[in-house]
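Same chain, two versions here, written out as structure tokens and called structure 1 and structure 2.
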Structure 1
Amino acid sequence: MKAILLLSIIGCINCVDSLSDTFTEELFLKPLYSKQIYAHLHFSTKWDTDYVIESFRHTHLFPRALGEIIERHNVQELHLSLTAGLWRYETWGYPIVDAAPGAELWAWFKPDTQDVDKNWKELASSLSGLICASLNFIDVPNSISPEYSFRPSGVVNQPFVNSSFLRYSALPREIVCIENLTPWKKLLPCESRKGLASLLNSLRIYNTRYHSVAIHLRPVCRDAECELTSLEVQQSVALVYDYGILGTRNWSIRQLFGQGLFGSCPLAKSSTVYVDITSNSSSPFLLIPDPDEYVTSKRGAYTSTFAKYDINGDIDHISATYIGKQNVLINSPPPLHANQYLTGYGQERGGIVIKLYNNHWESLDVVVLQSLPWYVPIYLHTLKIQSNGKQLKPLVLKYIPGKLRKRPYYLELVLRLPPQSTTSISVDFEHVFLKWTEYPPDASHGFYIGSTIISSMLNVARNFTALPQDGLTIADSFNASRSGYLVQVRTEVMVITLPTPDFSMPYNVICLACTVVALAFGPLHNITTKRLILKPQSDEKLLVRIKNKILRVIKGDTNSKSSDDSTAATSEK
């Protein structure tokens, strides 16, 4: 029996040539403006299969665990990210892959899905088991279907995009740690044993200012005619190291990752390291060893230069040494960035302000998406949009008010930001009083409000490193000039403290409230069911009566009975 199995495996190795999938791994390093270095590891797998009929029984380089999940839940596109830290757009530019702090999950379901909400909930549960995160808290009460902000990034064959097949949810409270990276690494063909994934040394990569792990899955065109599709998975790790934590400006692979490069993954089509040396003109640094090649990329009128290293076993270390004194650089912020913050004080009401900065010389059309949990009820009539002191009317306003415990508040605005302006969107909200069971164990920590997503199509690619829509690898982003470059800026998350009841009081409260109700019942019952009559008054004075009562209690009933009779006799007389 076992022998048969062994032989069938050997037999199958011959047959996998017909499964055509490719795997590429890349490492991208870029010194950022303010003493940080951005390291991005990108692992892409493209599998020429039709996602509609694929059963994921035989997989080669494609992660089977992920395939089974998307097949079971009828998923067309899946985007998942887990992030610790905030990406500082104003000084770091745009990342290759955007991610909001915490966990972010959005998925497009296939158009033949019957019950999208049920599939969504089960998808979140399955992913929580796969990636060891608490994604099972994602459910209908905290998911939305954004109409403008998210469109399929893969290929579609429907004439129209129906956003009812899209679900988006964010869990800002999620943390990222090794337990998320471990299963993520196991999705890669070489796991973390060989190739660039072996650089993911947990003792180093969590000592960063920004740490993000992402999985993006989508169908793409198989070829130029685009009549057949391929399934593409992009797994990425984005890290931003601080020179202060590293201890020195002169970074190296060993410093960033704790080890050198030990060859490439044998299953990879290519294994490359790119170093962005565009900043070399302002802060020159020397790369050791010399790169294999210099690549110049012209993207939308902006030129960047990259140093390329092919990892095939002979390079085991790359380091950079800065030459000369450190220059003071002027920061040129990107065309669009944003912040959000809370206003107000106390736990009764407050306000949310989203500030958008347009540093471009032209006006920008942006889509602002904010989804507020149901425990942050906003008042739309308090929505004020002001740009440089003047009122700004949104081009499109889509608002679905939330329902307590059932649905979040969904607000999507399309604004035309004037050039060189600061726009602030403010809205008031009230604090909600929850039932005592709805508070988390650490109730005074507060409740999180997710980040606002601001999407725009820029026509300049300044500080822009993201992959084009049809691109798979970082190499595809070189010279990839397009008519528009999509940026999705994600702001900070916010925490509000909701007023808490006293958690130790349930029985006390029930008793006290019922006592007050009984206080009304007693007299009213007496008034309505009894009549006023005259009763003979007892002769004895109050003190004597009390003394007799106490004596009665002490001496017991028999004695009291006789004394009662005697007093009754005297009063009746």
Structure 2
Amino acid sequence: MKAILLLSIIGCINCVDSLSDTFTEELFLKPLYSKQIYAHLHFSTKWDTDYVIESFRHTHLFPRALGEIIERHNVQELHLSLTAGLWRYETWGYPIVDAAPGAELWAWFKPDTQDVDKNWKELASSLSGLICASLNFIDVPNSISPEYSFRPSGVVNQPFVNSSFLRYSALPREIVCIENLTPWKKLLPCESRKGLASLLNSLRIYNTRYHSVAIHLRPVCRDAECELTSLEVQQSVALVYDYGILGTRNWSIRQLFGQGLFGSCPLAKSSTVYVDITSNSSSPFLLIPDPDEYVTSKRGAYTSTFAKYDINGDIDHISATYIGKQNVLINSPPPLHANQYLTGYGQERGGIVIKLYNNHWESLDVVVLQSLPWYVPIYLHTLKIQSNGKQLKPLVLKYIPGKLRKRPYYLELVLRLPPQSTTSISVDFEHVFLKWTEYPPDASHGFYIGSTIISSMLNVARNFTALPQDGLTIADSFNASRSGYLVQVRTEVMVITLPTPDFSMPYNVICLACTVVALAFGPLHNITTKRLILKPQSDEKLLVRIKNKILRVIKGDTNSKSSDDSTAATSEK
């Protein structure tokens, strides 16, 4: 009896603990400079529990499938993104959540982890099954442990950061499709049945210039003293629609997502839509219906205005109609953006060039991270850094050469960019030969090199919409002025062509061998199976033989005519 009572008490405690979580959903809409509109759906779940001892057997709003994975593999922080397209920083500014093209995964493991590489491999395989992505291709030969570019975004128990518990990898060739979106939506409390997640129509999402699906998990402080911790999961979908694809610059919820709003998620603490109307002074547009509230945000000496809608049963549609003629706008690029490209020609040597653009009036300290596959060996002695035509010496340089089929090449630089400057980083590499089994099915397409990551702390918030370090929702970014704003810029991916064997040669050999066998088999088969009979030679002359042949033909025609006449007579009778 005492055992039953004890089990009942434990069950009640677990039920109460599982209900100590909150869920919020938000939609952020912002017209961009270059005739696009940015839509960001943000779903946040916060669970007041101790992530160190939590077993994730009883959950309420927190996704249990994800919790069991991080508990099994001893994960402290997890960041996963699947992206198609390239974010254009120079014209779109900075996104709320940044992501590289393809698949990107990095995780911090707990300090008591015995074998980080084993847990990392198993974690990637588990997430591959959870999200239906090719993350199982992530392994030690394509993973690194950056020392300066990444820091824990949540609570840590150690006085210093040990990057040996960090693993980062990217699959730039990963294709994002509906197979990834469907299991991602199942991690939400209401899935896609109710709330803002019901707007995620696959036909509309994958008809955009840019779309990204992300999951971010971290432990955070529950109060100001940080005596207790909570577990936080942020799920986001970022979309960039092109007015050319929409057919008009007047947009609406129904036009963007293919349907209207059908109320909020019953389990959500709040469901809100924010529309950035800061550009209304230069390109005015009219919102229908009128917003519930106007929010003015001052962040880093820059003021933005937002229209706020609280989703309930009364609001099912939001639209914007531009007033007057379209004005010519002047682009104001962000303080920092970058790109990269390949140089060289031929199948022996090549080069990589990374260009950093500092549009700020002050110097910027940046961290440049480049990870190259083991089959793209770079030479450190060819590294050249120039800023406005002058040599620039890095403040910190860390280089780990790769090992054939065991470890990628890792290069991390700390630079101080002069104000109003363009800095170029170039390094040479060599094309290597691979085993014929190491080529992909479409070997002539080439091999992908992942994005370069540039990290910096800005002292201005121009074109900056990201969440603060301690923020959970989009509303937390309003009036969130800080001494610095962390940005991470990811460049485009590159495709290199390695020396490729002629994979059509086996096909040609098979065709040739089969043809030779067929031509040789026919005569041999006839010779070995057929009987040869000698025909007696006739002594008749040529003219006699021709005459006899003509007579036989004539007799044959006569016989055929007589048979036809007899058949006709019989039919008449």
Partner chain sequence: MMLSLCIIFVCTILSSGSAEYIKKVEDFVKSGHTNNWAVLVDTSRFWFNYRHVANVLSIYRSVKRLGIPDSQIILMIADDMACNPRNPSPATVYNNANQFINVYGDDVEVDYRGYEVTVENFVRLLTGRLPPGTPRSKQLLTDEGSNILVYLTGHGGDGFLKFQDSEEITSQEMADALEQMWQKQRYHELFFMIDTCQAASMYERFYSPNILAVASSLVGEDSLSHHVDPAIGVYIIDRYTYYALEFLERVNASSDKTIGEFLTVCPKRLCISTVGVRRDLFKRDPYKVPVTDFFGSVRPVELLQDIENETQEITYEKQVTLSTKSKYRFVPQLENFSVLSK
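Numbers given to residues start at 1 and step along the sequence of structure 1. Remember, it's a predicted structure, so these values are computed and weren't measured experimentally. Rigid core (definition): largest C-alpha set, two forms, superposition within 1.5 Å.
S.K.: Which of these two, 1 or 2, is the form predicted on its own?
M.R.: Here the form predicted on its own corresponds to structure 2.
S.K.: Does the C-alpha of N508 move 2 Å or more between the two structures once the rigid core is lined up?
M.R.: Yes, N508 moves 2 Å or more.
S.K.: With both forms fit on the core, is the shift of the CA atom of V52 between the two structures 2 Å or larger?
M.R.: Comparing the forms between the two structures, which are aligned on their rigid core, V52 does not shift its C-alpha by 2 Å or more.
S.K.: With a threshold of 2 Å on the C-alpha, tell me if S34 counts as moved between the two structures once the core is superposed.
M.R.: S34: C-alpha displaced by less than 2 Å between the two structures.
S.K.: I need the CA movement of A520 between the two structures once the rigid core is aligned, reported in Å.
M.R.: C-alpha displacement of A520 between the two structures: 33.8 Å.
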